[in-house]
Structure formats: C-alpha cells, structure tokens
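Take a look at this one chain, the form predicted on its own, written out in structure tokens.
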C-alpha cells in the first residue's frame, strides 16, 4: 500500500504541473535509487496474459508484437519466448535502461517512446499488440487519445489484447492511479476501427478480488 500511495502522490503532483506523464519517469527513478518501488512490477509475466495464451495460443512465426508501457520487460520477454519478434516501449528512460540491464541477452527491441508521439513506422505494423494497465494509469482526459493511438498500431488482420481494472458506468473511478475503466471507454477501440473478438468481465480469484476486463480486438 505505501508504494501505491506514493505513486498517487507523484501522479497528482505532475498532473498539477501540467505534465500528466512525467510521474512515470519519476517513479522509476525513485525505484532505481531504492527509495520506493513500482507497484505493478511483479517480476513475472502478467498471469492474465498467461491464462489467455493457454486458452488461445497464437501463431507467432514471422509475426511482430508490440508491448505498450513495457516497464521492466516481463511481458515483452514472454512474448519473445513464445516466438514473436517483439518490441517493447516505455516513456520512462530509466525503465528501459533497467530492462536492458536485467536482460542483457534479450531478443526484444526496447525503445524509449511516448505513446502519444510514437515512431511513424509503427502505424499498423504489429500483428499482436499487448496493453496491460497503461490506460488505467492515465487521467480521464487522456484515455480516449491513448486508446486511439494504441489501436493504430494493429496491422490488418492483427490482434490487440487489453487487460485493465474495470468498473461499471455508474461507479466512481476513485482516487488513482490506477483509475478503473468502463466498458464504454474500451469501446473506443471499436470506434477506432477494431472489431471486438471477446470481452471478459471477472474478479481476481484471490483477495482483494479486483474487477478486471480482458478484451481481444482484431483489425479486419
């Protein structure tokens, strides 16, 4: 809990400054110094991703994958292990440098990049895009634009897997980050040109029973 409280303090501070993305680098810098921790960095691939893959393994030969907000690289390394030619990016330079040190022999291309100003060559370039917990870490006014940008990475015939905290339309989003998202917000992916393949609304199997959405989209 102290790590989450500090994360919220940093986010609030940077939002007040008019820099709603700056807190990511500040948080990773604090973790690098040993003054704190990144609350979503579990040092292992996301279990909801592993569940998805066991139920829906995909063809990976010759396929490109992109991980949004790759953090310390656990999910990107897993996609590479499954056979994707993988790129992971994060707005935090410190996170990317730490990941390269953590995986010195990696096959993943790790890039410092801003979701809202991505490399032009990424437009509709990836067969599989993975978004876990990035949207919910953004204030409400930034989420529609983030969703549109993420959708643009998906190649024709490609897939996007989204995993996020969920809430009902009439529930308050609470004090974040994370700010749980609604299904209506995630419908922005459909408005951005993707088709919804599946949508799961479930609670974590162990306390505190966090509500999650897991959605799969495709570009036709």
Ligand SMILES: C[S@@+](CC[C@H](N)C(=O)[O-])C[C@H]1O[C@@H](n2cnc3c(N)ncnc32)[C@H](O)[C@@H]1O
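What you are looking at is a predicted structure, and each value in this text was computed from that prediction instead of being measured. Numbering follows the first chain given and starts at 1.
Below, we turn to the form predicted together with the named molecule, even though it does not appear here.
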Where, among 154 to 162, 179 to 187, 65 to 73, 51 to 59, do residues come within 4.5 Å of the named molecule in the model of the complex by heavy atom distance?
-> 65 to 73
Do residue 125 and the named molecule share at least one heavy atom pair within 4.5 Å in the model of the complex?
-> no
Might residue 86 be said to contact the named molecule in the model of the complex, defining contact as any heavy atom within 4.5 Å?
-> no
Residue 148: touches the named molecule in the model of the complex, heavy atom cutoff 4.5 angstroms | no
Should residue 133 be classed as touching the named molecule in the model of the complex when contacts are defined as heavy atoms within 4.5 Å?
-> yes
Identify whether the named molecule in the model of the complex is within 4.5 Å of every residue in the set 24, 28 and 115, based on non-hydrogen atoms.
-> yes
Taking the named molecule in the model of the complex and a 4.5 Å non-hydrogen atom cutoff, the residues of 72 to 110 making contact are 75, 89, 90, 91, 92
